[in-house]
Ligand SMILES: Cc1cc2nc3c(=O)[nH]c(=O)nc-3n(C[C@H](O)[C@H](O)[C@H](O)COP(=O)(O)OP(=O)(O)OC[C@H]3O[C@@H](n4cnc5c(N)ncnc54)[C@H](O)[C@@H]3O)c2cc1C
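To begin, one chain is listed below as structure tokens, in the form predicted on its own.
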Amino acid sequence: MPRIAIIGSGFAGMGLGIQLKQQGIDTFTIFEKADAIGGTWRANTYPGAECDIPSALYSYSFENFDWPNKWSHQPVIKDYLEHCAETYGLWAHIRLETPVTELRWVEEVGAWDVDATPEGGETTTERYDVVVSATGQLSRPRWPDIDGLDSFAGPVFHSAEWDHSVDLKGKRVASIGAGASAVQYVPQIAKDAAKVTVFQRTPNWIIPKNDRDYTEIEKSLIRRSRVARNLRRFMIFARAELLGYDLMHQKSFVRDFMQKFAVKNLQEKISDPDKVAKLTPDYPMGAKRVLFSDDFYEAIEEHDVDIVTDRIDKVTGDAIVTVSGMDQDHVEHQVDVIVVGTGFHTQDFLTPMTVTGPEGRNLNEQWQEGPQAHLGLTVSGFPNLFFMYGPNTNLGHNSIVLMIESQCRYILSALRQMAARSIQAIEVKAEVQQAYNDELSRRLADSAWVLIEDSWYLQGGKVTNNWVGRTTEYRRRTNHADLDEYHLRPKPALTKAG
């Protein structure tokens, strides 16, 4: 059986490990840089952290959980992943606090040398036949380039690295950023803070979640009935696949209705016309990530929460200074604590890992002008290297776990065929990868994501993160690995001694 290195222990890495075990493949190792599993659901512990996809769908199709409510919070999702590790016997395969720093292709044997360097420890090198990068797109916090931020006298921390030792009660708290994380943590910190000032660059389209706890009767039914579980999952999936998918396109049948609904909700929840104006987007719904919240607008209305849309000029020892109006007037906003909610480096699919392929080819250099892969899974010039949640596989409308399970299916298909045909290595053909990405480019030109100049979906004006079709299309296209699309390297023939 091939030796397989899986880098990352979030939904992708864990999901592949489970599928490998179910296929009788035990020769794999899951490398995790942190001291616990869970990926983004281990790292993001900010107040109010929760998923924006109902948990019945944001979970593996093969493993149910006793979800307490429709939209689960971070601790519950982390518990789910730990439950899966225990249920499917993954702990023996997981190496915590072991970040992979470098991959090097060894041509003479057709395998990868994997360097892992624990913090403060010695680098170890092990050889693996196949490497799967499952590091995700939401793992490296992005800090804004603001003059003087490091000179602020009070606590400063990123939302993805929340400092729980800081007591916010009675404090003046600034949130630099108003995106998906801020929409979740602002309502929580506003309950205790004396004042919260949200520095917003772009308003978000926000739709109510209508979250609620499941009743005991509902939970009992779900536990006992596979039909009920599948029906609940399908209903959530179908709504996202129809309505959410439609919003991804420039020509949308539901956009006008959805925008009116969102604006009406905003106007009903917030009475201050100035705040309503600041929170009303001026771009088409779907061009950026649509957010879901039952309490963001309510927190702005009920607590002392201010929305500042002026550009931040600098940070001083006790204030954030913005530039206002035609006269470029400087306004000081006195604050005690700064929370940075500016998201992640979503296009750095490898950093800080170095990948060196045949003939010294460097994947980071190859991707300098934007990452691309075939089906988001394999890259020409780099044999036996797979990506999960790779380029152009993020979703703007549905559960990423659906994509992850499709990618597991594809990788397993490739591994089975390699074993059956005695193949040492496979490498996707350059022309196959190019044809696929040319198709993506043509289709993405009609997407809503290109209607704005800046979002985390874009790199240099190019959509590098998102899948352009339905999840059902991606599942069909990844159901089977077509090895005719690959250069194949047979295993060396065994010779008899004497």
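Bear in mind the structure is a predicted one, so any value in this text is a computation, not a measurement. Residue indices: 1-based, along the sequence shown.
Note that the form predicted in complex with the named molecule isn't included here; everything after this is about it.
- Residue Phe344 is the only one of Tyr128, Tyr214, Tyr245, Phe344 with a heavy atom lying within 4.5 Å of the named molecule in the predicted complex.
- Proximity to the named molecule in the predicted complex, taken as a non-hydrogen atom within 4.5 angstroms, holds for one residue of Asn466, Thr29, Thr40, Asn64, which is Thr40.
- Note on the interface: of 96 to 104, 216 to 224, 414 to 422, 298 to 306, the segment with non-hydrogen atoms within 4.5 angstroms of the named molecule in the predicted complex is 96 to 104.
- When contacts are judged by a 4.5 Å heavy atom cut-off, Lys33 counts as touching the named molecule in the predicted complex.
- In the predicted complex, none of the heavy atoms of Gly17 sits within 4.5 Å of a heavy atom of the named molecule.
- Under a 4.5 angstroms non-hydrogen atom cutoff, the named molecule in the predicted complex lacks Val173 among its neighbouring residues.
- In the predicted complex, Gly136 approaches the named molecule with a heavy atom inside 4.5 Å.
- Contacts of stretch 5 to 20 with the named molecule in the predicted complex, defined by any heavy atom lying within 4.5 Å, are made by Ile7, Gly8, Ser9, Gly10, Phe11, Ala12, Gly13, listed in sequence order.
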